[in-house]
Structure formats: structure tokens, C-alpha cells
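A single chain, nothing else alongside it, follows as C-alpha cells in the form predicted alone.
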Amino acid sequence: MAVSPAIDPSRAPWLTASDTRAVLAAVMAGGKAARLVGGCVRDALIGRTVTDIDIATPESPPRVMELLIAAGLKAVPTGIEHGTVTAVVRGKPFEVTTLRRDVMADGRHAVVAFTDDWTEDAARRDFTINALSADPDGRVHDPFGGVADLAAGRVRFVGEPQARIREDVLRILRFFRFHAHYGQGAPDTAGLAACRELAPLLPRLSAERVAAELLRLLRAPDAASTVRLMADTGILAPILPELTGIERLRGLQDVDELAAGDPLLRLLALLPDDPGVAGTVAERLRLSNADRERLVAAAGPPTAFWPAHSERDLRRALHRLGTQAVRDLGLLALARGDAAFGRQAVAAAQVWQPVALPVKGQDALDLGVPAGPRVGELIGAVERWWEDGDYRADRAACLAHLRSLVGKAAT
């Protein structure tokens, strides 16, 4: 196994942090090795911020639990049947996983067995840049040339690409996600060919896994180039057939100082301006209710309130559609080149203070209106009057108007 130069601690302060050292010391107290693995090693080598620290060891999961508890650390059996225990130090989680080898994989799930062979464990990783590990002193172990691939901006499968994809079809989407975040230039030829050939297997994946990978990909600074690559090679057709707006996504990236790489907004930019389509995509990807509502709200608002043409129209849109929807609509306008209106909408959303109609249905009931549809009709009429007055009328004025409407109805 090749060994690269050690990680520079000045670029990876987490390596020498007391929390990291405490977990490593606890796991190694039984006499077996422990290494840092995966993303933390990969990102440390190129100077990126590390948020998740994963550790591997030959120790069995029950033994890892014992060692952590003996060291006074919290141990949570988060995935103990698959070999993973989570150590928690001052609220910070560290995943500790026993070395594994695949026994069987059906394209979605893998059956694993524990091992004490570091190379065997690394061989089950998807890409060479994810098969790196590091000793507690930072020396990096690189069994498959991941350090060179990382430096070259090359995302390359460990082993034969088709075989790795058939083990887990999600690796097709991961190939493009990692290319978007770490790749430079054209993608690996063998990997791309395997992804193209096996793309018809993508519908076998759960919606949640597809959505997670797609949204992670869309966070990449230049996600549009990878999305274009995926569309051209037939990868997106099975999972996002509604795709229409790659150029609008590129435009959204151009105003990223405002959009801040928002993956949900970037997903919306790829879709046609149709609330029904947005709702369908949200359902297929099993997005949360909040995310679904956000997509639908900005996919095609009521024409009575949008597009707004004046500050007063914007305030009405903000009241009816909500701050998030107006900001999203403004950013999408910027993405398609409508700079003046887009910036106006975004600026209005930033300063808008939500207002609430000062009267409610109970006020109509107190004026003697029988419970029923008429209450809603009256309150709706007051709200339209209040909006026409640019929300200036206070509760007394709104009550007076409601009283006049009730009086007219009575006569």
C-alpha cells in the first residue's frame, strides 16, 4: 500500500483537536489501530474545510462501544449491524466503523462482513479519492492512486466501473456529484461510459437517495456544466425528465452572491414555470412538505399578483405569496436576465416586514354574522380593501369597514 506525505496539521486543525485525539485514543486503547478515513482525509489534502470526521478500526462494533464507554465517552450504536458506532464528544459526533468487505450487493443494499484488512476495506469504497486513510499522525495511505487523482481533478472508480455501479446504482449519481465538486476538465472516460450504459438502472433507487445526491450536486459552484453533461449522456432522463432550464441554472450561478448556492432554488431553475410540474417533481423526490410548498409557490404564482411592476405591487405580492417566494422569483428573474426587476424584488423581500389583517372571523361573528361561508366572504372583502389601501388601515378602520359591509348586507 502506497503511503503519501502526511497531512499538514496547519491546514487541518481538526487532526490535533482534543476531541479527535480523545476518540482515537479511546479506540486504540485495546491495542488495535485506528485511522481517519474518507472525506476528511480527501478534503484535508486540498485544504478544504472538514466538517465530518470518520474513523475506521479492526475492532468489532461491540468492542468499540466498550472502549468508548471505558474512556468516558458517549457511544451511540447508530448502525451497529453495519459496523458503525457514533462517539460523541462535547456534542460533536465521530463515526467509528469496523473494517468491512462486501459479501453481496444487489444494486441498492450491501451485505458486509467485518475484516482486519485495510486494503480490503478501502477496495469497497466507490472512488479512489474516497479510499484514502490516514494514521493519527497524519500519514496518508493511498492504495489506489487517489492522491494523484485528487491533484489531477479526476474522479475514478476503485476497480472496474460497471462492477462498482452494479453493487450500488447510486454510484452513477455520486460519480457526477463528485465530478461537480472535485473534477477538473473532462470526466474519466471509463467511468462516464459505465454510467451512460447503466443509467436505465437508476429508477431502482429510492426517491430519497436520488434527491439527496441531486441536491448535493446542485450545491457545486458550477453545477450547470455537470447537469449539462448528465443531460447529454442520458443520466437525467430517468430521474428528472422535466428538465428544461440548464441555461437558467447557469444564469442563477452568475448571481450566486445573492442566491448563495441554494440547491432547492437551483432545482427550481431547471424546471418549467408550472406549479403542477414542480409539485410532481417534489412528490417524486419525496421532498419535505416545506420544500414542496416552496417549489410550487415560486414555479408560477397567480398572475393577479405577479409580475409586480411597482413598489406597491411588490408589497401586495409579498403579503400574498410570502417573502421566500418573492425572493425566489426575483432571483429567477435575475437568472433569465431581468436584472432591474430581479434586484428590486430581492431588495423588497429583504426589508419586508410581514403584516397581518387586523380583523378576523370572530369580529364578523361579534357583529351578528351567522357562522358560515358569509364570514369568510366578508373578511376577504375587508382584506382586499385593506390591500388596496397599501396596508395602512389600522384595526379601528378595518372594523369600521367590516361594520359597513355587514350593514349593507343587512339592508
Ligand code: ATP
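Predicted model only: the values in this text are computed from it and were never measured. We number the residues from 1 along the sequence you see.
Below, we turn to the form predicted in complex with the named molecule, even though it does not appear here.
Q: Hey, in the predicted bound form, is residue 35 touching the named molecule, heavy atoms inside 4.5 Å?
A: No.
Q: Spell out, yes or no, whether the shortest heavy atom distance between residue 342 and the named molecule in the predicted bound form is within 4.5 Å.
A: Result no; residue 342 lies far from the named molecule in the predicted bound form.
Q: Using heavy atoms and a 4.5 Å limit, would one call residue 39 a contact residue for the named molecule in the predicted bound form?
A: Residue-level check for residue 39: yes, a contact with the named molecule.
Q: Is there a heavy atom of residue 315 lying 4.5 Å or less from a heavy atom of the named molecule in the predicted bound form?
A: Heavy-atom contact with the named molecule at 4.5 Å: absent for residue 315.
Q: Within 4.5 Å, heavy atoms only, which of 141, 174, 294, 248 is in contact with the named molecule in the predicted bound form?
A: Selected option: 174.
Q: Which residue, 273, 168, 188, 262, has a heavy atom that falls within 4.5 Å of the named molecule in the predicted bound form?
A: Among 273, 168, 188, 262, a heavy atom within 4.5 Å of the named molecule in the predicted bound form occurs only for 168.
Q: Given a 4.5 Å cut-off on heavy atoms, tell me which of 117 to 125, 235 to 243, 67 to 75, 195 to 203 is the interface stretch with the named molecule in the predicted bound form.
A: Stretch with heavy atoms near the partner: 117 to 125.
Q: Using the arrangement in the predicted bound form, list in sequence order the residues of 209 to 224 with any heavy atom within 4.5 angstroms of the named molecule.
A: Sequence-ordered list: 209, 216.
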